[in-house]
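Here's a solo chain for you in structure tokens, the form predicted alone.
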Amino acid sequence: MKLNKFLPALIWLKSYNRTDIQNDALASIVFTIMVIPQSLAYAMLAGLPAITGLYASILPSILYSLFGTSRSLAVGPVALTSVMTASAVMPFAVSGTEQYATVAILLAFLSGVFLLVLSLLQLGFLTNLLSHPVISGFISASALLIVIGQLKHLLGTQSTGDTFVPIVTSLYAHLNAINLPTLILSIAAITSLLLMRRYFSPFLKLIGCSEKGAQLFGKSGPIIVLVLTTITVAGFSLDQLGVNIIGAIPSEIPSLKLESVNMAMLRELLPSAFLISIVGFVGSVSVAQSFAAKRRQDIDPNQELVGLGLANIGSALSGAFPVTGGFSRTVLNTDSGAQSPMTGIISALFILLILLFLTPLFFYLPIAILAAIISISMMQLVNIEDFRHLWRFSKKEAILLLITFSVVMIEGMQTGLIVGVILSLLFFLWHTSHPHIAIVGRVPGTEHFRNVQRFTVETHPSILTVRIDENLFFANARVLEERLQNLVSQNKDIKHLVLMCTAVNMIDASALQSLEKITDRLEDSGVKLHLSEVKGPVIDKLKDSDLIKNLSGKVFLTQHQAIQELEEKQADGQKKS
């Protein structure tokens, strides 16, 4: 059982049969053809030779298929982690050099180690620090930066920088160096890709292709455009006119040159490796869970850390860069008809065969086409509607999205992500330190208690019931203390104060101390403090505390019971007087 948990492939392999392998083999052929342009483009995005994208699609895919828990997720180069890789490596080396490849490989290894450590320590919850507004702002800004960064390839000119202002300034300075053949090729490629994205599937249906076939091969636009433009460049020798091509592919796979690695480099790479790990894991698990829900399968986030960690270490051993599970890659995988993770293993073997025997065909592949594929893919991630929805729902969160977006554009992805996380935590602390505290009364004829400002309720002049809708801890303990003191001081008739703890799941030491102070102060004022509807785990922690021992009132099981008993006591007291 433990072995099955560590190696999830043993579970699906038990029921794997000849029909499954036939279906997966066919799906793998289609998937491999479709994913090649994407892999080449994302390697270029990472600042590495395009062929490195194929290196990153072999061993990582095999390792994840064996150790991951998703039966649909396809692991390999992904846009965001690729551009984060470029951002992290650029301070250490110039793109295209041996040193650059070494740092990228080291980054993949460190990312894999981080993911495995998170798994061992059961720290997958750290990914919850990335709130939806932060993720949305980060992805939109990163995608826009990626598109702007690709303009130099689309125009056939030069530009430097990795944030908005430097890139645009540099592009403007080099406008007079635009290569006309590259520009024409880029416009033709982008137009063709957009038209094929919209009209190719309907065209295939029109000529008699099945619904499923039309949907599947309708996504083959990038590979068709890639093949046609490569033939065009080779046939008309456009490389002689300044069109940049991939050129000769090195026969030797890059490796980690340990002699060029030092402790200072390791220390500076650690934050980047950690952020790439977290961003990659969050994106991967969200994709895996969405596809698992459709197939009614289970995802184990902690085992996903293992699968992705080993995939990144495998990428480092392959001379590549950080990888993760991608949405578009997974969509291609499922649309190709993948039935199990075996598709990832078989497609990795097909890519290996392509590397061994077909790499000379990539010689005339124009870099502008890869830039066009990247740009179109990234523009779909720029989500303006998300900001509009958030603005209507929560202006604070919309502003958080806007700040994250702006910082990413101006200062870079890593800084933007860190600022977004810090602001999310500050927003959380602000929210919890300003808890909703309501005076409640009984709804007539029921045992339910509701806010006096929202409902017509029954109250007693000498009994005050206060409900706090938040856990009690250091950030809000003093707020509760001051609020209760003010309520009592404003009403001299109050003899009993009932603190309704329906929403309290935790009380820390600071809040406990505040409650003890409240008890003493209320007792000095002639008011008894009572607690009601205290949850089991909370009362277990409180039972040996001075709060319970010195409580001037009682702990009631329900609010109705508290009011009923206190009202009877008040009535008896009035009769005696």
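Since the model is a prediction, treat every value here as computed from it, not as a measurement. Take the two forms, superpose them, and find the largest set of C-alpha atoms that agree within 1.5 Å; that set is the rigid core. All residue numbers are counted from 1 along the displayed sequence.
Beyond what is shown, the protein has a form predicted together with a further copy of the same chain; the following relates to that form.
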Choose from 314 to 322, 419 to 427, 92 to 100, 193 to 201 the stretch whose residues reach within 4.5 Å of a further copy of the same chain in the predicted bound form, heavy atoms counted. 419 to 427
Interface residue in the predicted bound form among I58, M34, V534, V527, criterion: non-hydrogen atom within 4.5 angstroms of a further copy of the same chain: V527
Selected contact from S489, Q158, S210, Q380, since only one has a non-hydrogen atom within 4.5 angstroms of a further copy of the same chain in the predicted bound form: S489
Contact label in the predicted bound form: D162 to a further copy of the same chain, heavy atom within 4.5 Å: no
With a 4.5 Å heavy atom cut-off, would you call N451 a contact of a further copy of the same chain in the predicted bound form? no
Answer with yes or no whether N244 is in contact with a further copy of the same chain in the predicted bound form, where contact means some heavy atom within 4.5 Å. no
Check whether L512 has any heavy atom within 4.5 Å of a heavy atom of a further copy of the same chain in the predicted bound form, and answer yes or no. yes
Taking a further copy of the same chain in the predicted bound form, would T182, S375 and M409 all count as contacting it (heavy atom within 4.5 Å)? no
Who in 24 to 56 is close to a further copy of the same chain in the predicted bound form, meaning a heavy atom within 4.5 Å? none
Classify L464 as shifted (yes) or not shifted (no) between this form and the one not shown, where shifted means its C-alpha moves by 2 Å or more with the rigid core superposed. yes
Residue shift check between this form and the one not shown, rigid core fit, I11 Cα at least 2 Å: no
